[in-house]
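So this first bit is one chain, no partners, the form predicted alone, shown in structure tokens.
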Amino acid sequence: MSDRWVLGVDIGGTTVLVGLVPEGGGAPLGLRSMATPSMGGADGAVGHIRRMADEAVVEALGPDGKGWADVIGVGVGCPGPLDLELGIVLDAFNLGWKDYPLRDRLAEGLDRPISLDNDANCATYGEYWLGAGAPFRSVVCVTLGTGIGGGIIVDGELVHGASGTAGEVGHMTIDFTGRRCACGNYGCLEAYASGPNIALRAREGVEAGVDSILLDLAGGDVSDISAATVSEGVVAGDSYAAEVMLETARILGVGIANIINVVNPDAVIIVGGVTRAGDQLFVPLRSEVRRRAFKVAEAACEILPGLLPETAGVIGAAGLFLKTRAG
């Protein structure tokens, strides 16, 4: 067992996950998960994270606070945009946090050095360090959840850009007259293919009277149809669920073709619950990419599901702390 550990914190639009990652890399221990608090704002969430951190340390390293002596720091992933130098959440619109000094507020209670990065960057680094991206030098990760995030690694280095917002692939415009996105723009990839918007498109069809088992799978309440319900419907052989998934795959294919044309990576890794649809997602997605991307760039790029579906963000946040600390 490792003698030293890093606490990884993954703050998402739906879930907060906390765990201890060994300094040399490996599966997190003492994992704690909870729904992202909607009451109490950012300060309330910080209080919960401190409690979860204490519980994780006690479970993994021992009671009475002794285990904290072996924790060298904390890596945190949070939706952005962020001011990485000052550790401030500038505008996490899916959380409702604005101009919040997250790094300093967490440091007040955890008493450890803390690094902060975008949650999708953390998931990207996790997959690159210990997951599906490990064989490659240049990787783009697309995270499908409450929103759509992304991260870019080129020649082994995470790309932050001039203002720290590189990799926001969910906010590329794929239809300039399209749906309104939570960011305020129209026609973003996120407005169609994030979890809540996959569910929205499915609900629209059910409300219009399409023949489908999705309503039954949601317990008869159309508002309870989620992206997971759509995936469940695909597995059950529901033709409308398969239609929604096919449309989702084609939409994602458009976005990923754009990414491949611009970045020319070795691999695009897709992370999120929608990947459970397997070939129903990846076969049409890859086909759409072949239709739209430059042939030489598409041929050089593998499109893969992530290997760390629940823990990429925690592992990557810890890994980025270690990378920051090293230099």
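From a predicted model like this one, the values you see are computed outputs, not experimental measurements. For the two forms, the rigid core is made up of the largest set of C-alpha atoms that agree within 1.5 Å on superposition. Residues carry their position along the shown sequence, with the first being 1.
Unshown form predicted in complex with another copy of the chain; subsequent notes refer to it.
Contact check for G233: every heavy atom lies farther than 4.5 Å from another copy of the chain in the predicted bound form. For the chain shown alone, G145 is not a contact residue for another copy of the chain in the predicted bound form, no non-hydrogen atom being within 4.5 angstroms. The shortest heavy atom separation between H160 and another copy of the chain in the predicted bound form is within 4.5 Å. Among residues of the shown chain, G167 is one whose heavy atoms approach another copy of the chain to within 4.5 Å in the predicted bound form. Residues placing heavy atoms within 4.5 Å of another copy of the chain in the predicted bound form fall in a single listed stretch, namely 289-297, out of 22-30, 274-282, 289-297, 44-52.
When another copy of the chain is considered in the predicted bound form, only one residue from A199, A182, L215, I251 comes within 4.5 Å through any heavy atom, namely I251. Interface residue among V154, V210, L246, V222, judged by heavy atoms within 4.5 Å of another copy of the chain in the predicted bound form: V154. Shown here without another copy of the chain, the chain has I251, V254, N258, N261, V262, V263, N264, P265, D266 in 229-266 lying with a heavy atom within 4.5 Å of that partner in the predicted bound form.
Superposition of the core reveals a Cα shift of less than 2 Å for L130 between the shown form and the other one. A movement of the C-alpha atom of V234 falling short of 2 angstroms is seen between the shown form and the other one when the two forms are aligned on their rigid core.
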